[in-house]
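Given as structure tokens, the chain that follows is alone and in the form predicted on its own.
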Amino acid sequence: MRPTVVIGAGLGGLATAVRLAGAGREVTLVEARQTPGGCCGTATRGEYRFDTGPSVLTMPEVLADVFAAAGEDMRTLLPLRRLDPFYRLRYHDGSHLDIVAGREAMAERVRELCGAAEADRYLRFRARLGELFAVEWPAFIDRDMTRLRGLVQPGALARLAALGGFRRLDRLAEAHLTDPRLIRAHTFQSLYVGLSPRRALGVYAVIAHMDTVGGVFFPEHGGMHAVPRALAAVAEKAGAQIRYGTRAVKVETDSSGVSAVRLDTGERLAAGHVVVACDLPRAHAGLLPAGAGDWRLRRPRYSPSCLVLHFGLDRRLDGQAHHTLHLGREWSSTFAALAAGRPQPDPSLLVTYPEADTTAAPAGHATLTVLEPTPNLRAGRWGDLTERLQERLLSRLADLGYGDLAAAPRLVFDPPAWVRRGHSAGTPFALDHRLSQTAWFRPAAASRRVPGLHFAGMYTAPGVGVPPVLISGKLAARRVLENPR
């Protein structure tokens, strides 16, 4: 069997390479940057190191399964710890809610904030989230949606409908909960899939299940970038060759399908299968053969983007949670502004304080990352928005008790920066998850007209997020293994 070439060493490409190498296949992984990770990257400013990609890691068993595919134990190579609390939600009225492990412990937090009756309603809603997850995971998330028949599952669809999966997410939550603070705690996750709670389907309540029930984790050493580094090491140990600093410029074909990948070095890597695990719209702009076109990308609808500020602190923050979500007074109007391509008038902020990552800052110092949702670049000109939003954000952080951060060492990632890092439309969140871009309707994970050409990553099903991207790599590797060329 001819070798497999994987393009892109993000989490999807790495998961593919680990599984193929673990199965004994000859694999070459081509990565344009000098380090693995893709979106799950890293950057430094002076003595401070920052994770520049996802900060929320859920469903660690999905990650452990990738290691196991190559005969490795994740607990040894990449020990994780569960955060406590998973999140701290701070509301505009001064109240807060810690999301903690355990059914009864979490119900007690709700009881203290919202009262006994709401705690009872929460427990019923928590059970409903578990039921939704139990149906969705095997039927639609951990499943190959390359063919339409993967979507046609009458029993699972009927069960989802009965559980409220096809209602709007906010309506589903409001049918069980009455306190607006608790409703927001279980619907803000819709932004992970690029939609407001009023537009997202109830099926995306499973994201709330994944992080409020399953828990949020963090590597014990090296921050989130330790994840791709560990996966790359496992891939190489299993026999995969990783070519860093090398860009794929063309996927070549012959009468039987893919035949090779041409590199910017002038080399030509023969291939029986090619797995494209990079930004898909950019790949269609020149990397892929003409026959690889996908009708699903004719009118792509992109997720909102974000402004991210990474600060180096000359102090520690006593009592600060790893993840704090500062929820603004406004709610519906903030999502309406994003949909209209305008900055949010009163944005909710995700603040990440990786205190346990001793490699991120000198002794006695720390790092702080703040994320504000913004429009993507398809919504209009960006102009001087970065400067204006930074000034507003610094003022907001001071009001929230983080002090004056204007002079702190800082790295800034805005939508133009995301474009420079290879993300279409200036968003690191790919396509949103409206119904017409979900499951089989998402860009195909295998080309119908070019045999041997596969896709992995957040542009394909299951979609955006660390577990879905890892699953996309598993599905791509399975297709390669099941179709020898």
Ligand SMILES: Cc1cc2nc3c(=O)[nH]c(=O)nc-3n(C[C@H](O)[C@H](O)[C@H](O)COP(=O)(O)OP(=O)(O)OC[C@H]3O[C@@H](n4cnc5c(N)ncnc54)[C@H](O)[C@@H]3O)c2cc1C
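The first residue of the shown sequence is 1; numbering continues from there. All values reported here derive from a predicted model rather than from experimental measurement.
Beyond the structure shown, there is the form predicted together with the ligand, which is absent from this document and is the topic of what follows.
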item	value
Contact of L11 with the ligand in the predicted bound form (heavy atom, 4.5 Å)	yes
Heavy atom of F67 within 4.5 Å of the ligand in the predicted bound form	no
4.5 Å heavy atom contact, G465 to the ligand in the predicted bound form	yes
Any non-hydrogen atom of C39 within 4.5 angstroms of the ligand in the predicted bound form	yes
Segment that reaches the ligand in the predicted bound form - one of 276-284, 155-163, 329-337, 103-111, heavy atoms within 4.5 Å	276-284
Heavy atom within 4.5 Å of the ligand in the predicted bound form - residue from T28, S55, S424, S447	S55
Residue among A439, V62, A417, A32 with a heavy atom within 4.5 Å of the ligand in the predicted bound form	A32
Contact test, all of Y48, A232 and T359, partner the ligand in the predicted bound form, heavy atom 4.5 Å	no
Stretch 339-372 - residues with a heavy atom within 4.5 Å of the ligand in the predicted bound form	L371
